[in-house]
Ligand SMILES: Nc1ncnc2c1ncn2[C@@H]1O[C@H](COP(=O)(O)OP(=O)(O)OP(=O)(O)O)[C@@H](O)[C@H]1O
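Only one chain is given next, in structure tokens, and it is the form predicted alone.
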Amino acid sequence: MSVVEIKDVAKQFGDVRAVDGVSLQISTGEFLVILGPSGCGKTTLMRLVAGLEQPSHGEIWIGDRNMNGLPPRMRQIAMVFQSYALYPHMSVYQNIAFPLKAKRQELSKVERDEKVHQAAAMVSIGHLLSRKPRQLSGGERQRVAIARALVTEPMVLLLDEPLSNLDAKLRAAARDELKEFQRRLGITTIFVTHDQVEAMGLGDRIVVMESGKVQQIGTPQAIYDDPDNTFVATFLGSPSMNLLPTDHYELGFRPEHFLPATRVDGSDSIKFTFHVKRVEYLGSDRLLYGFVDGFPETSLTLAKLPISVDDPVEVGSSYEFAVRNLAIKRFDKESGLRWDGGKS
């Protein structure tokens, strides 16, 4: 069952088409990530779902109701912003309780207290209810913001880059916590980010956006393995996919699939002479930067190899490398689209 359905939605700001004909269906309990660079339209799309903006064209449905024209309070959604937007003069308890006071329906103090404690328990901050936001860590503030969103028991939870203010170590822990409680509660969640690591780690499905349009929708692994176009191929993956230009198309392959020829079955692969210009060590792996014979040196090519005495590599030397045919993607040079209907 689709909890959220976005039907051919567009949003125009003057001459700028921030969202351009987007259609999506988001299922009950799904964790959907909208991924893209700054200015791609992902936050505008979330604001349209939330009711903070109204579409110039198309429809947004939540449950069995058309949301067009309805204000946020009537949409059974809750939103967590990048800044968390906690009230500094209020305690954690008061911050979580605030949406309940703002709702038109009357709740008794006992009912309100029960809902606040339930929401706090969901994200393990029951022991922090008497504190003020300034007394909390970044991760604790994030959990307060999520508890405040959950206290109204929304059908859909909207998260707008909620991890971006955390340092790298805390961000990884917060991802795990967020995914765990989302699975436990089964709440339908839409998460906006520009960070591909967050997208790959959190999403049941990822929607990749660029220039207001959806470029591809799929599971994290499917999008990584089978990008529909060169934008997705180079945006998702760190380091990104190698692209080598030929007369009519571009050859694409991931750095981890570019291996010494001795490691690849020669009957089922394409071989290249690889000139190594620089080696970067990353603990268990190393990145080899260089170029391939027959292609411009400006077409920087990367190989990602595990640290191993079996594969000694020297800067300035050339080696025979290969890629299995199944790992090679071909993209049209003009449109950037995958050949053969998006499949290799």
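In case it trips you up, residue 1 is the first one in the sequence shown, and so on. Just so it is clear, the structure is predicted and the values come from calculations on it, not from any experiment.
Another form, the form predicted together with this ligand, is not on view; read the next lines as being about it.
Trainee: Although this ligand is absent from this view, report whether G58 comes within 4.5 Å of it in the predicted bound form, heavy atoms only.
Mentor: Flag for G58 set to no.
Trainee: Please determine whether V323 contacts this ligand in the predicted bound form, using a 4.5 Å cut-off between heavy atoms.
Mentor: No, V323 sits far enough from this ligand in the predicted bound form that none of its heavy atoms falls within 4.5 Å.
Trainee: Considering only heavy atoms, tell me if G39 and this ligand come within 4.5 Å of each other in the predicted bound form.
Mentor: Result yes; G39 sits at the interface with this ligand in the predicted bound form.
Trainee: Can you check whether K132 is within 4.5 Å of this ligand in the predicted bound form, heavy atom basis?
Mentor: Residue-level check for K132: no, no contact with this ligand.
Trainee: For the chain seen here without its partner, which of 42-50, 22-30, 61-69, 286-294 has a heavy atom within 4.5 Å of this ligand in the predicted bound form?
Mentor: It is 42-50 that comes within 4.5 Å of the partner.
Trainee: State the residue from H257, H194, K179, R205 whose non-hydrogen atoms include one within 4.5 Å of this ligand in the predicted bound form.
Mentor: For this set of options, the contacting one is H194.
Trainee: Using a 4.5 Å heavy atom cut-off, which residue among D226, D113, E140, E161 comes into contact with this ligand in the predicted bound form?
Mentor: Going through each option in turn, the one that passes is E161.
Trainee: Can you tell me which bits of 119-150 touch this ligand in the predicted bound form, meaning any heavy atom within 4.5 Å?
Mentor: Read in sequence order, no residue approaches this ligand (within 4.5 Å, in the predicted bound form).
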